[in-house]
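For reference, the chain that follows is the form predicted on its own, supplied as structure tokens.
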């Protein structure tokens, strides 16, 4: 039975795992490793330490589907809508730019529920806090080393982490990346930002007329969402949660600062935008060093094959575009590259 390792439990990685399980003509043993403590990648949902039912989306906020992708990715949208994992966004988002024919969706159980749906379908062995450090070629298999735990061997490896993290890997992989591929990977760039999640006690009222709001005149804050209101799941038993995304210039300027200092700066600016907010019972500050792709790898066609026998493939939004459909496109391209080998 072929062993397949997928590095990254974000949307591309989880969907790759689910598609491989559906499409493989022979049995596979699928393994997913992620350096984070939970699934989701940049579609992560954090829980309040006081009440796990109180959650906040720290990454992607909602999904915009264009008429083109409504057709080409219809089966994916239909499946998620039928399962109640996605629902139409009906709550007001101030300052949202909408184009004719676009549809917006929200995940009522948090955006990471999409990833968990695909991981469950995949039946993969999922291991968190596994940071891959080296990839070496041993007896026509990949020997993959991580920061903690012993190395393991796999027949196929799929890397779905951000391009800079692929370039940081040590071992034989450094010699297997061609000069042309290295240039493509080095050309991938990302914006950086912070997200701050705030959790409140049950019964707390946040009296604003919107569920989300884009801010255009603040040097620090770009977007605010009252998450339970955005998802249309307000409840008297579960306290509201709020997320603030910073501007990209603020994120870049404060990238190496402590999260405590950054959180304090965000709070000061938040008071100017939404004065008189009650004190949260818990907070979660997330640094997105690789937030959204600003420049994707040129001519990569959704994936990059680094080695054929045994197979080593890269995928993710760095090879397409930084949104839901970009990740689906990449996962489908990775599947196409793997089909001949599974």
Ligand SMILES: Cc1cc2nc3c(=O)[nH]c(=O)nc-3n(C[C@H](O)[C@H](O)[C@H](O)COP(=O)(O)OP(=O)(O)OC[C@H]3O[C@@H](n4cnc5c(N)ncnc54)[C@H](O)[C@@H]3O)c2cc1C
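This one's a predicted model, so the numbers in the text were calculated from it and none came from an experiment. Residue numbers count along the first chain shown, from 1.
The protein also exists as the form predicted together with the ligand; that form is not presented, and the subsequent description refers to it.
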Would you say all of 142, 307 and 338 touch the ligand in the predicted complex, counting a heavy atom within 4.5 Å as a touch?
-> no
Indicate whether the ligand has at least one heavy atom within 4.5 Å of a heavy atom of residue 69 in the predicted complex.
-> no
Does residue 226 reach the ligand in the predicted complex, with heavy atoms at most 4.5 Å apart?
-> no
For residue 91, is any heavy atom within 4.5 Å of the ligand in the predicted complex, or not?
-> no
The ligand contact at residue 241 in the predicted complex, heavy atom, 4.5 Å | no
So which of 46 to 54, 23 to 31, 273 to 281, 288 to 296 is the stretch with heavy atoms within 4.5 Å of the ligand in the predicted complex?
-> 288 to 296
Heavy atom within 4.5 Å of the ligand in the predicted complex - the one residue of 165, 151, 269, 181 that qualifies = 165
Option touching the ligand, based on a heavy atom within 4.5 Å in the predicted complex, out of 132, 157, 107, 196 = 132
For 8 to 22: residues with a non-hydrogen atom within 4.5 angstroms of the ligand in the predicted complex?
-> 8, 9, 10, 11, 12, 13
